[in-house]
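Starting off, we have a lone chain in the form predicted alone, written out as structure tokens.
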């Protein structure tokens, strides 16, 4: 069975990997307009797998999809690491949610929604003593918090590197780089390719905007910093009325910081205003960040439909997967797993 996957972002890569793991003789062509080292949206991300904290500010379906993805990542990442003799960190220490004294009204509203949506064993209020035991450096500015234990953060750079290694090892997977495909038909043919395909999966994200209705881009900005004076081991979310902040820890005192969600398809560099707001909020969380070194300021455009929910469209031999918004790592495993199960009726996917 010949399969073409157009777009080698997070969704395309995971789809190629999981299809190949079915061991059913697929011949997979993974095609992208950039080379394998292009820094796309999947790399301009904190890669947080946070089904509960995200559901509070989005929709209930976020929690259901995210919980399943969390469990799939726990199984899949060790498999991929073993297949490629690589190391892919999946920090599963949970998420801490805090707010400054002047923002306690917003914190209380967040907690009320959390109490209504989240099971008691997935979230708990913690006092300063418990916070001290979990994240001692946060007690310099905060005396209470919410703790969501079943959430995590993936090292997305290590994940992409491992997937590249995996594709290179597989004779039946062709990673075709620097090849742009604009027009897709539903009959299994691709312009510039002699052979036809049994299935064509459109995973182009923003690259498919001309072919989709009700579609837009949402600009996201992140900073990667090296902060030797900071030791925070869990994901942290700061409740704020203007720029809610999240921090995703990496190894060796590196942190990914994000906050901005701008309705724009402008992918130009981070503005001074956005950078100041982002880094000011970071400094307010812990003063040790004042001496942090800014390693990167990056911009990514997140493919989004009007309801901010992912969508799969079936059209004969063409299947479009798009609209994951800022939930790529939260939704991708579940979407891919269920899609493959639907198409090939294989009960042993997980």
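Residue numbers count along the first chain shown, from 1. Quantities reported herein were computed from a predicted structural model and do not represent experimental measurements.
Although it is not shown, the form predicted in complex with a small molecule is what the next lines describe.
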Joint contact, 31, 41 and 48 to the small molecule in the model of the complex, by non-hydrogen atom at 4.5 Å: yes
Determine whether any heavy atom of residue 159 comes within 4.5 Å of a heavy atom of the small molecule in the model of the complex, and answer yes or no. no
Is residue 70 close enough to the small molecule in the model of the complex to count, meaning some heavy atom within 4.5 Å? no
Please run the contact check for residue 247 against the small molecule in the model of the complex: heavy atoms, 4.5 angstroms, yes or no? no
Give a yes or no for residue 179: in the model of the complex, does one of its heavy atoms lie within 4.5 Å of a heavy atom belonging to the small molecule? yes
Where does the small molecule sit in the model of the complex: which of 121-129, 205-213, 266-274, 79-87, heavy atoms within 4.5 Å? 205-213
